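Have a look below at one chain only, the form predicted alone, in structure tokens format.
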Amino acid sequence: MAAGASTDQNIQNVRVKGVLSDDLTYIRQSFHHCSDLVYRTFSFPSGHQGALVFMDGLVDDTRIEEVILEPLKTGILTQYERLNLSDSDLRSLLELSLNEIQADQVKTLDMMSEIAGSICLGDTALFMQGLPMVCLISLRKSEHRAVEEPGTEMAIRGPRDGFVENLRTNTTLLRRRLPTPDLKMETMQVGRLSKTQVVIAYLDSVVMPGLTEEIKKRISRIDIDAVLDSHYIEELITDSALSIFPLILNTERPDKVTAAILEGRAAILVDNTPFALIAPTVVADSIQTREDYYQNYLVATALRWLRIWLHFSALVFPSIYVALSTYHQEMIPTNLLLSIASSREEVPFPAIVEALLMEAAFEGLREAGIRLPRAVGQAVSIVGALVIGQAAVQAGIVSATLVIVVSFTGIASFVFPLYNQGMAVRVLRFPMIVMAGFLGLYGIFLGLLILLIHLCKLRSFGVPYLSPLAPLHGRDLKDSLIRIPLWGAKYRPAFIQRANSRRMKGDLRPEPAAKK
């Protein structure tokens, strides 16, 4: 590693000399022990020599002959020899002929460090004897999977395409949905070694004022060796580093990103990952899915309220069981209390220990189901839950009532549209059980109060996390707790965009044709 760092420093301020042997020596020193670097030298009858340097696997080498070598043989050097030009004219002749090279991008550089970086990104470097610069030709190719339905955000109705690991494919998916020059895509580079491309996408006319500048400012201060996933960016630019709640959305769905951009938000696309980031975000996003807008608004509103109830149940249902069965038995109907008491008759643990054991076992099974191979993971998690649950009840370790509570809570935690939001609730469930076990219902209310205070303090790029509830934006409540009809969604969210807020005309409500 020390040798590599020394090599980087050696070529940091070195320029191309125009002496082919010396220039290639610098490149060989820089890429010492890099077996995937290809050197391809060539010479012409006039005696002029050159070399192509590129990374094997990153370059479409089947096009090198057609795009680079043939134009050189038939054009540049033939003219050079016929007109008997001097070496000093070769640079001008090469610059004039760059337009004839049919490649995606062609540029010239003279700093060795920049040339080495371009080679690593997949450019082909053309060294010529007597030429104190290098022509970099982009003939990149990359292996990536086809566009397919995202595995983490399934939908019954709606677009089935999802982001992939290729950045240009992802930007194309956005551009196809918003074919307008108003859609801006600014590129940044993050990672000293990975040189990961990051694209900030937004609509110039509707983006929240100051948002893109703030995103670029936060990204530009990142100094890290490599960015392997968009979560690196998310964690390094978030507003609150100590909060368990996601303050930046992540998604694999291009339609979700497009809808966010139309509201005035900005998207951050990172190369080599299918997860795009959306900023800012609010807590109401955790109960909404894009599928809400692809079905009847009354059905979508009912499902949205069902998610709210299941969100709350996933957080406090086990702790309510612990509190009532331990401190507040008088609040349980007599028949149900007798049933719970009979099921807990042989259980040796208090309710709090019983609940923590079952919740930990359930989370362990779910985690094992994710990590196991797909072919056996689902079967193992289901069989494990059934066998362990039944055996634990028969052995008198836990009660049957608690198995029902934990199972319902587990199912409720699967309705979260945002996976990381669900993870936050799953983790918070444990301290809620502990507080209920020691303080009863008072502990649950105390925990909820602490949680509410924490949520009130959170910001996402300056936007309060509880918007539009706190501070209250009455107009935006229509598309938060309920899903209003599309003809009623005339404005963009006020907590994001106030200047250019109108989205559609006011008379789009469908009505039957007037009788003649």
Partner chain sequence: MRSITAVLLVTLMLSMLLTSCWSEQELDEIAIVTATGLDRMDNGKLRLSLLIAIPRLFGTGSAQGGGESRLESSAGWVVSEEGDSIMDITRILQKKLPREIFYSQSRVIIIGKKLATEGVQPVLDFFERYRQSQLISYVAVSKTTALDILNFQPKFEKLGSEVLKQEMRQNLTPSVQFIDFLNTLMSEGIEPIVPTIEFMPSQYGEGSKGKIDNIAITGLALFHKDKMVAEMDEQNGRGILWVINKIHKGVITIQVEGEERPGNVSTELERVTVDRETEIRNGKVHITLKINLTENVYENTSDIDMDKVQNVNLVQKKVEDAIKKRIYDNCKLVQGKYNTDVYGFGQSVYRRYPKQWHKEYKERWDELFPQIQLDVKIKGRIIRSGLTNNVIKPEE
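Numbering follows the first chain given and starts at 1. Please read these numbers as outputs of a predicted model, since none were measured by experiment.
Below: the form predicted together with the partner chain, not depicted.
**Q** Specify the contacting stretch among 402 to 410, 253 to 261, 326 to 334, 303 to 311, defined as having any heavy atom within 4.5 Å of the partner chain in the model of the complex.
**A** Among the listed stretches, the partner-contacting one is 326 to 334.
**Q** Report yes if any heavy atom of residue 450 sits within 4.5 Å of a heavy atom of the partner chain in the model of the complex; otherwise report no.
**A** Output for residue 450 is yes: heavy atoms within 4.5 Å of the partner chain.
**Q** At the 4.5 Å heavy atom threshold, is residue 342 in contact with the partner chain in the model of the complex?
**A** So residue 342 counts as contacting the partner chain.
**Q** Does residue 186 reach the partner chain in the model of the complex if we count a contact as any heavy atom within 4.5 Å?
**A** Result no; residue 186 lies far from the partner chain in the model of the complex.
**Q** Check residue 350 for me: does it contact the partner chain in the model of the complex (non-hydrogen atoms, 4.5 angstroms)?
**A** Yes, residue 350 is a contact residue.
**Q** Heavy atom within 4.5 Å of the partner chain in the model of the complex: which of 446, 154, 226, 372?
**A** Contact check passes for 446.
**Q** If the cut-off is 4.5 angstroms on heavy atoms, which of these, 193, 121, 368, 338, is the one near the partner chain in the model of the complex?
**A** Checked against the cut-off, the match is 338.
**Q** May I ask whether 346, 439 and 442 all come within 4.5 angstroms of the partner chain in the model of the complex, judged by heavy atoms?
**A** The answer is yes; 346, 439 and 442 each reach the partner chain.
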